[in-house]
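The chain below stands alone and is given in structure tokens; this is the form predicted on its own.
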Amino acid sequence: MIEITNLKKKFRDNIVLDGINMKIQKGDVVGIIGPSGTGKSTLLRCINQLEQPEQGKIQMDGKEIDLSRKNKKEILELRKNTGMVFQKFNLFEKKTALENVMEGLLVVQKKSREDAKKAAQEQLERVGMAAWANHYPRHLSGGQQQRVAIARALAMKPSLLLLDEPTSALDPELVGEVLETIKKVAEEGFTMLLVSHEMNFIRHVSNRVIFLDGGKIVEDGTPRQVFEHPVNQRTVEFFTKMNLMNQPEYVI
């Protein structure tokens, strides 16, 4: 189990996360939704120490880390156990797809080149990108680049996979291939926190949905509970504006 306790983050006078507490069971796929600017991406970035919160702890794999302090050893340990997929791929332009996936294995996990290459090839195969292993990012579509980014995250064998709007930078026609890849990964039992505006996909792929508003968790339940029977008025208003109540499930 992964537990996040009293996570608080503000930018100047703007409180973005206001005491977030959550427990994540192994194999959970937690969809995080809510209006823009309510702290969804910041939550993931604080967990991975890309942002430093004013307060908050995370307990993972039996170890507790204070997220509010900069400790290089603890940050490295945390990143060994988390994988992050960003909105804009963040691939190294001068490295091939294979080399991009190998990078973390070589630098963070200190694997030999032979072992790193084998593991990277396996992950590219998993996301359907083995045939493009020797291609550079400039020769790949946005959807292909994002699948390489997912392979890079999976190669670290993370205890927690963080996906921050993984389809938001893609052309509409490329979204499906990335969502299909995420769905496959979820079905394999990876523990995931998924921030996305693809509401029907969240509804279909998640076993749990959290609605954030004003830096607080105001709704937390199964997809059916949250989407069809929300108890918080703010959640009802959000879904009503987006015309999402009682829509059919997402189908790939």
Ligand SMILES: Nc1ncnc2c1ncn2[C@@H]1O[C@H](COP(=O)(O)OP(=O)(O)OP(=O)(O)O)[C@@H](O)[C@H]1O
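Position 1 is the first residue in the sequence shown; the rest follow in order. All of these numbers come straight from a predicted model, not from anything done at the bench.
Although it is not shown, the form predicted together with the named molecule is what the next lines describe.
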- Note on the structure: From Glu180, Glu77, Glu103, Glu165: within 4.5 Å of the named molecule in the predicted complex by heavy atoms is Glu165
- Query: Does each of Pro35, Ser41 and His197 have at least one heavy atom within 4.5 Å of the named molecule in the predicted complex?
  - Reply: yes
- Taking 4.5 angstroms as the cut-off for heavy atoms, does Val16 touch the named molecule in the predicted complex? yes
- Pick from 199-207, 62-70, 185-193, 41-49: which stretch has a heavy atom within 4.5 Å of the named molecule in the predicted complex? 41-49
